[in-house]
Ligand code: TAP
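Read the single chain below, which is given as structure tokens and is the form predicted on its own.
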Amino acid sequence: MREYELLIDGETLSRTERETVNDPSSNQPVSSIALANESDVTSAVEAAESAFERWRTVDTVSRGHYLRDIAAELRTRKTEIAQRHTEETGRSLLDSKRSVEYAAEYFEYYAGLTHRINGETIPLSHEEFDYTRREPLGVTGHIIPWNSPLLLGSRSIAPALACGNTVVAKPAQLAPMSILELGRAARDAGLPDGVLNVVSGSGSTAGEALVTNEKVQELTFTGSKTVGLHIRNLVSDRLIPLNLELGGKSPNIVFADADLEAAADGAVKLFSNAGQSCYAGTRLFIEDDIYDEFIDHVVSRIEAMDVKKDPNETEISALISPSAQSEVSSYVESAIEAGGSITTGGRIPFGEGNFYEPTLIENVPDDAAVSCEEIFGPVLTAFRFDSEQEVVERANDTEYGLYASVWTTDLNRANRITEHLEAGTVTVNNYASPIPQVPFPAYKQSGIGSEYATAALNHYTKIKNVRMTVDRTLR
């Protein structure tokens, strides 16, 4: 098995306490990971704090060069890093190569924005001059999820570094390898020691130590609502910025006038990464006039999907763990108990690995667990609706508000619906993945803060106002 160590202040540090990472497609061990204790996290934060005093003074153009070099190093190592990503997440090698490319694009995007970290000049009286400046926060903490670790880690680490902050990253226990590979790539690309530190370990030990360390000036977390609220409570007396993305139960609304083929393609995008995505469109609302026809379109696409043991051949990747597979199975069983019917799927296809068939459930009540709770699996629920007002009310009847999609050729209707949907992102006639150039905000219990785009530059900096009296009299 491959062995991975902690990365602190540019050095790899071995630890006797270790944990095995298993390949979700086979549950066979693929690597041994060093587990950080509280002292290790403290050392990483101290290294980042020391490096911050130097890194913050690096001019913005040079910071951009560092980020471009990291992007280049990721591309140089694309095949190797993608292999590790596939081994820890169960995703196909092609999909993992895309993740490496997307990660590189995040570093390139924010490399091009370092010169945009500007203040403004505010006109006052003839005797006064006022301006603002944006300054880095200091040490930022990043707790990274397992479902797409390299991409989701890069989307916050890149802007944090671009703004002049230093980083301590804690990858997920189930999928730490690609973030440790990112740390290695950044170090080998020439990033100064201590600017990016990676401490693998458990949430209860390494994660808790990172959250409670008072030298950490910002925290970014992607994961469950329960853990996100716990983090917020732990730092409630410190008033530090938080970026929390905590899940979704996204509605996908199809009207009778929509391009049904395109809408059906969008509906089954849920099954990418086996539904293990926070913005997955898990609730499919179909206008009654086209319900049966549209269901046929969706079913034909689902049943054409292959589930195979080889992650490089399957269209539906494995779930991250046996417990995740069991949880998905329990949700499907609960849907049947609530009166729902399985149109297709609903089974564990074979004994090896954590696979689950892509599943469509109909006739389930709106208040059933499968309709309300984030499943994080390849399970789609379909519902009929009759009117705009009805579907908007039902779509909004959830504690989450991360993402929504509307399919219609009526531009007026599209504008009406998007205005009333309670979601941070609403797409019309597509179900697009988030990209660096546009913000990805969250409504309601889906989180606080906004990563991506220039919004991240505001999040990872603090504003200082300077107001001075000046003598403009010519001598």
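Note that residue numbering begins at 1 and tracks the sequence as displayed. On a predicted model such as this, the values are computed, not experimentally measured, just so you know.
In what follows, reference is made to the form predicted in complex with the ligand, a form of this protein that is not presented.
- Phe221, heavy atom within 4.5 angstroms of the ligand in the model of the complex: Yes, contact at 4.5 Å.
- Closest heavy atom of Ser202 to the ligand in the model of the complex, within 4.5 Å or not? Because a heavy atom of Ser202 falls inside 4.5 Å of the ligand in the model of the complex, the answer is yes.
- Task: Decide whether Val227 counts as a contact residue for the ligand in the model of the complex under a heavy atom distance cut-off of 4.5 Å.
- Result: Taking the distances in the model of the complex, the answer for Val227 is yes, it comes within 4.5 Å of the ligand.
- Message: Can you tell me if Phe376 lies within 4.5 angstroms of the ligand in the model of the complex, counting non-hydrogen atoms only?
- Response: Although the ligand is absent here, Phe376 would touch it in the model of the complex, with heavy atoms inside 4.5 Å.
- Task: Using heavy atoms and a 4.5 Å cut-off, decide whether Arg84, Glu87 and Leu180 all contact the ligand in the model of the complex.
- Result: No, none of the three is in contact.
- Query: the ligand isn't shown here, but in the model of the complex which of Gly153, Pro159, Gly141, Gly248 has a heavy atom within 4.5 Å of it?
  - Reply: None of the others qualify; the residue that does is Gly248.
- Of Glu362, Glu108, Glu388, Glu208, the one that lies within 4.5 Å of the ligand in the model of the complex (heavy atoms): None of the other options qualify; the answer is Glu208.
- Message: I need the one stretch from 354-362, 208-216, 294-302, 91-99 whose residues put non-hydrogen atoms within 4.5 angstroms of the ligand in the model of the complex.
- Response: Only one stretch passes the 4.5 Å heavy-atom test: 208-216.
- Item | Those residues of 162-176 which, in the model of the complex, come within 4.5 Å of the ligand by heavy atom | Going through 162-176 in order - heavy atoms within 4.5 Å of the ligand in the model of the complex - the hits are Lys170, Pro171, Ala172, Gln173.
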